[in-house]
Each structure stands twice: as structure tokens, then as C-alpha cells.
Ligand code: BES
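First, one chain by itself: the form predicted on its own, in C-alpha cells.
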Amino acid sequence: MPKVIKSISVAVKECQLDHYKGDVLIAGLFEGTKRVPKSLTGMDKSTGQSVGNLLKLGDFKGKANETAVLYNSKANFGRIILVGLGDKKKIELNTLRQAAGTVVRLMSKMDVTQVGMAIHADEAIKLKPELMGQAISEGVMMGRYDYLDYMPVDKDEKTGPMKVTLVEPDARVAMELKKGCKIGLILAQGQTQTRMLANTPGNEINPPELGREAQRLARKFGLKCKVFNDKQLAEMKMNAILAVGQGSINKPRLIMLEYVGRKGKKASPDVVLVGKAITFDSGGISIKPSLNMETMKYDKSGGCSVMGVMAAVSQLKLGINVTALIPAAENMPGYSSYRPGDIIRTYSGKTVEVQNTDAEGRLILCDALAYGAQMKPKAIVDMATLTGAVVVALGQHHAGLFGNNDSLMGKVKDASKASGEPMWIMPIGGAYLEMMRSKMADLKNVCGREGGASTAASFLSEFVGDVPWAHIDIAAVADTPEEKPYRSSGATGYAVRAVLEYLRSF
């Protein structure tokens, strides 16, 4: 098990690589590199050609996220860590993001506190320095995080605080790197906030407790917060949220967070964010199989992502108004659970026939989306672990992106590419929506396996009116059982940085 890094910071220092003083210096090399790049020759010479000798031996191939540790006693730093950057022709920001996460996870197994990082330094990298600084700092924070809240940690298993310094000899480039690092750290902290909440088990976080977490977050970051309890939801006729949560002793909530970046006359929010937060999903009466049911604590990931985004929005001091709506419920079987065959009159007035109580996410979202649409925002973006069908369609490599506005979806997709959190645009409406029509009500909440991600998104489209809307189905990517070289297992915080990139460009 890696050691626990107590804390980590990222800074930029203007100096020659061979003048850096610390425990370790990290450099990146492309796949197939035969000679030491010009940017690393001074450093290599100061270490007795340790990098050059390794390249001659051919033991380091430079494949993406491959690592090698070299020890030396001649330089100001006792170790060199090489990290592979893969194919030079395919270099992108996510290459650097993953490389930074990879070396941080490797260093968590070492006793190092002063870390110099120069993975951006190869002259063949033609990316903007500010964006490189942002991506590297995001990767550092992503690699640092491990969910160990319930694991006993001995003193000898702790390290840090760790100081990571991006080393750059050019003053102009160093200034740009510093700008990027400032942004990257805020975005990464929002993602870490999300991962912490999403990883927390259902016995620790239920809908009322998630509401209290939102209130604590609001106090910390200067947001406005209101939490509607079950009695208030009944008065508001939020019947879909209430139905999903009525089988649990932990009653549902609707959490509203507000960030005001445009001072002066009160105006509609520019963007409404909506996040599904089923704090635990048993499936209700349509109960899930027991295998892997423990992962259903991650069914709150959409709501947790929205909270992480709002924390970062406040720190970024964006000049827009953003309102977040997080419908929270616990979907449990019980004597008071909602049933297949029930017909619910939702907040919008539309009626929905329940055919499967395990299709609950779209029910809590439909009330929140309709409520948000009444605010007349310029855009609505929702995030939800909505369907298993999107996992079948896209695997664990893309989130599904749906919506009613091509321009908005294009902007969100561009933001997803910049953040290294890819999304794939998928179809809605038309025949998919017809599949969701009921003989007993306006809509039904399921219609079979075929096109399940698109039919679910089509259902949601009925509750946003003519407001531009994008729906991000993160069911395939919100959590992972496998550790990556650059990231721990568990919650990923997927789409937090992508949505923040969208908001920054708004």
C-alpha cells in the first residue's frame, strides 16, 4: 500500500534543471527516444550521463506512464525519475496530466518531500505553457488522492508534506506555468472534494447528511445554500423525489446552492447544474442482485460532482451566476416504498407510470430539472449515474452526452476534451421518446433494454422545456474497481473538471 501523503503543494521555480535542489527531479521522455533531449543535457551531465546511459541500454522505452528511478550522488538531487510520454505525435495535455499522477503515486512509496518536476520541458512539446501548468497540477492532485478514511495508518506509513516544484529556466514560460498551476489546483480540489463525498458509504452519508455537507461547503466557500426537507417538498409538489425516497427512514432532500458572480440587479442564473444523488440504491421493490450492490454508494456521484464544481466556481471567482440543484434520496424497499404500477404526478404536472422502481434516477431528476427550467437560465447541465445501458454502449472510456441544443453540447464536448474527461454525443428524441410513452400516463419510467441510455435521456428532455440542456450520463466512469498508474480505485470525480472548463468558457 502507498504511504499517505499528508499534504501536497505545487509551485513553480525559475532555474536550470541541474541547479534544482531537492530529493528527486522528474523528467519526461517520449517513446523511442535514443538520445538525451537538449533540454535535459545539462541535468544529464551533472549526474554523470545517467539518463544517456540508460537510453543506450534500451531498458527504458518511454511508453505512456512507464517509469524508471535512477540514483546518483553527483547532483543536487539524489534521484531522477523518468516517466514515459508515449508517442510524440500524440502528445496532449492529458499525457502530462497522467504522467504527473503516475510519478506522484510512485513517490508515495518513497520518503521524498522536495520534488522537482520537468515533464513539460522537452522542446518537442508544443503545448501552451499555461495549459501545461494546469494539467500537471491537476495530475499531481489526482495522483495524490487515496480513500483511506477507514484504514488504520501507522506513523511509518505517512509521508509529507510534499512540495512539488515545476522547474523552468525560461522566466516567461515560468510565469505562464504559474498561472496554469493556480487554476489547475482549484479544479483538482473540486474533483477531490467530489471523490471524498462519493467514496463515503451510505451509512455515513444519507440525504439529510448530504444536505448538511452542502451547508458546510457553502459556509466554507461563500455560497448560498437552502435544503428543502420532505415536508417542504410535499408543499412544493415534488412528488417524484418524495416517491423514490419514501421507503427509507432517511427522508429525501432537495439541495440548492447558489453562486453569484455578477453583482447588482438580481437576475436569472446563467447556468443551472443538476446532479443525481441517490445516496444508496438498492433498487427498491425492484431490488438489484446482491452481487456488487456495495458499489451503489456511488449512485450519488452526480450530486457530489455538482458540489465539487460549486466549490471550485467560488474559488475561481467566475463572472457568472450559477445555481445547483441536487435531489437526494435513498432508494430502499420497505412497507412504505413506491411500487411498480404507481402513477406519480411530478412537479411539472406531467404524470409518470412506474414500471420499475430501480429506474429512480430519472424520477428525482425530472422534478429538479423542471424546477431549474422555471428559473429561465441560459443553460442547464445535469450529471448522473443514470443507466447501465451507457456502460454497454461506451464501456469505461467515455461518458454519454445528450441534449436538446447542438451548440451547448458542442461546448461541453470541447470542454471534456480539454479536461481529459471524454464524452460521446448520443441521440435522443423521436422514436426514443415514443418508446417512453405510457398507456396509463404521460410517460413511463422504463421501456426495455434497447437504447436504454437514449430513452432515459429522452424522458428527461420532457422536463426542461425549451431551455438549452445537456445531460451527462457518468454511470460508466464515475467509479472504477481498478487502480490506474495515475489514479486510485473508487470514485473518479469524472466530469467535474469538464463542467468547470465549460463554465470558465461561458
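All residue numbers refer to positions in the sequence shown, first residue = 1. As the structure is a computational prediction, the values presented were derived from the model and not from experiment.
Below: the form predicted in complex with the named molecule, not depicted.
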Hey, with the named molecule in the predicted complex, do E360, T387 and V446 all fall inside the 4.5 Å heavy atom range? yes
Interface check vs the named molecule in the predicted complex: of R212, K288, R345, K378, the one with a heavy atom inside 4.5 Å is K288
Exactly one of A475, M43, L29, I472 has a non-hydrogen atom within 4.5 Å of the named molecule in the predicted complex; which residue is it? A475
Picking from 138 to 146, 292 to 300, 247 to 255, 101 to 109, which part of the chain touches the named molecule in the predicted complex when contact means heavy atoms within 4.5 Å? 292 to 300
Does Q396 make contact with the named molecule in the predicted complex, using a 4.5 Å heavy atom cut-off? no
Although the named molecule is absent from this view, report whether D281 comes within 4.5 Å of it in the predicted complex, heavy atoms only. yes
The named molecule contact at Q232 in the predicted complex, heavy atom, 4.5 Å: no
Is there any non-hydrogen atom of N72 lying within 4.5 Å of the named molecule in the predicted complex? no
